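Next comes just one chain, in structure tokens: the form predicted on its own.
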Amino acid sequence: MKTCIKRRYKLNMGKWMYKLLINSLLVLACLLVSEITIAQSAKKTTTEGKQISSDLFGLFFEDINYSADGGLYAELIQNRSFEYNPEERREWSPFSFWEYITPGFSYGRISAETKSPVHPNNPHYLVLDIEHIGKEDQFKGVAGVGIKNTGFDGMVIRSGEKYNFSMFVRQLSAEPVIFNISIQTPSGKVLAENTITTSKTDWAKYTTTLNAIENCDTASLVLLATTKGKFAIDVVSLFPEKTFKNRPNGLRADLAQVLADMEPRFVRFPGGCLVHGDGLGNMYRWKNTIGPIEERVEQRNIWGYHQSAGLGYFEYFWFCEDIGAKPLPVLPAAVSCQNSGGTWRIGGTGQKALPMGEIKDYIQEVLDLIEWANGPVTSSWGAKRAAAGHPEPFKLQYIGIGNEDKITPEFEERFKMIFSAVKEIHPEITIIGTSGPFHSGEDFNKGWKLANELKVPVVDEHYYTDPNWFISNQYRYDKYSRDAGHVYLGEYASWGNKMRNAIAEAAYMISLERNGDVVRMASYAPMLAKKGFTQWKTDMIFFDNVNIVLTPNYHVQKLFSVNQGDIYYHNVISKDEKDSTIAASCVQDKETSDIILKLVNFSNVQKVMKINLAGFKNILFDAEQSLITGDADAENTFEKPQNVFPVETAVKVSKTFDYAAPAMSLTVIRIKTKK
């Protein structure tokens, strides 16, 4: 009996041990499955990013809409060198925007001459022969013979500010001439004045400083000879001392500042159609725009007015340096604009090509630019840069050849020659080609075909179209080959400056970020437009002599530009992929480690998007939010410049959260991480 019990006990113990073993294996299996599940789940929430361009958003500048003279360039005198002429406008002459004055019943004679100019590049000047000086009047002021300039629709003068005056004078009479230089209101009240006495019979530069005692938005410069004599005068200049960064021959401070506020990664200049010009003689030649202003070549602007070239390559490059942007000069591809000679209206081709006998010299001109920008002070052109006041190189990286040209055989032949020469001698320079003025079509296809054959590293695309096109083409660059040249979207805008235009552009810019591995750069165009002088109606910034209107388009561009990233993450924001009215991106700035969310809603109702930040480490949940929203037809005007503007707020975020994007809106959420 005991033996049976022992046997049964041993048997039960065996079953128990067996069950324990089986249960242990099951538990272990469950743990392993759980670990695998957790690992797989963690893998799903791990954020995977791709490198995108660090130069994605920048600025485009072209002297259109009086953007330079009378705009960004701070010179207050219009037609300072007496070079306006009937070829530019039928009613213009060297005397345009100058008034011959003889206060105090003085009298003399005035003429425009060209016999012995300050410099051959600046051929016109005025000659004044003062025969009689009348008497001063206690009410009407100084007597004399002279000239008066009202600038570009009046000069803006501010009390307590200094204004730097200069002029070139050649004394033609035996005795010195005494000048009274003043800034006056329209009624003749003197706001600032000083005197200059000539001392040389050769051309000489004379300067003085004028200290303003009162504000005026419509002032004039008055230059009076107060003694008898005869003299020649040229390059009459008046600058506010407070230019941007206080640069001599500098930029209008408030306009330049709103551009600097965008923190652009690059600035493209000087255009635009301005680059290849209205005929071969009107092409923009960079060497004509450096050196002393009296030696620069002024010329007709393709947009129908005058270029003083005071804002030239030296000023462009220095402005880029001042705002931390890379310079992107664009040079003609040795052909003129296909719309030369007024062929805009008929869509023909007025393109002219430099003769092949001139191409060698032209290629050298391109190479000289690179040496001027980057060469040491011991080099020929580097020495010229240093002599102008900038001994350090400008660190030029990009150079554009051609601007939305008609892709003709003549263009192709010349582009190939320029491209090959630059690539051979300066392999460190990234050359940007061109693909015509439209987003598709014959020139677009030919431009890309040529670029692919030559392996051009970056190709410039241009297009202007309606907002719905931008919404419908958000996946344009998803389809581009990653093995071909990169894209520079050099000029683009939807037709208009209302909220719907800006938000459509925002949705499209999301696609540029998503495709930042193939889209190298992008810049809205045109940038500036002066009130009353606008040839192109869709622009980013409108201004007059006093006011600046920042369009909704500007605010969108700025929000993208100041919130650029280097890494794009595709699996952070979830949304209805079938809804083309919403778009979103997540990027990270490698320098700051900030995570930046951009959420766009082009519809007229609120839309919800889901954000999952679980894949990021060390997130700080106190974030910064910028929101721009409004009615689709909302816009900013001179009467209501703040109708649309971004609202900045502090917000709390979490690892996962939903965001309800307001109708017609762009939201940027910037999230910091622990260092």
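Owing to the predicted nature of the structure, the values given are computational and were not obtained by experimental measurement. In this text, residue numbers run from 1 along the sequence as written.
One more form of this protein, predicted together with alpha-L-arabinofuranose, exists but is not displayed; see below.
S.K.: So which of 605-613, 637-645, 60-68, 621-629 is the stretch with heavy atoms within 4.5 Å of alpha-L-arabinofuranose in the model of the complex?
M.R.: Single hit among the candidates: 60-68.
S.K.: At the 4.5 Å heavy atom threshold, is residue 495 in contact with alpha-L-arabinofuranose in the model of the complex?
M.R.: Flag for residue 495 set to no.
S.K.: Residue 461 near alpha-L-arabinofuranose in the model of the complex, any heavy atom under 4.5 Å?
M.R.: No, no contact at 4.5 Å.
S.K.: Residue 151 near alpha-L-arabinofuranose in the model of the complex, any heavy atom under 4.5 Å?
M.R.: It does not: once alpha-L-arabinofuranose is placed as it appears in the model of the complex, residue 151 has no heavy atom within 4.5 Å of it.
S.K.: Within 4.5 Å, heavy atoms only: does residue 144 come near alpha-L-arabinofuranose in the model of the complex?
M.R.: Residue 144: no contact with alpha-L-arabinofuranose in the model of the complex.
S.K.: Taking alpha-L-arabinofuranose in the model of the complex as the reference, which of 525, 259, 267, 155 has a non-hydrogen atom within 4.5 Å?
M.R.: The residue from 525, 259, 267, 155 that makes the contact is 525.
S.K.: Quick one: of 272, 447, 552, 516, which gets a non-hydrogen atom within 4.5 angstroms of alpha-L-arabinofuranose in the model of the complex?
M.R.: The residue in contact is 272.
S.K.: Sequence order please: the residues of 298-337 with a heavy atom within 4.5 Å of alpha-L-arabinofuranose in the model of the complex.
M.R.: Counting only heavy atoms within 4.5 Å of alpha-L-arabinofuranose in the model of the complex, the single contacting residue of 298-337 is 303.
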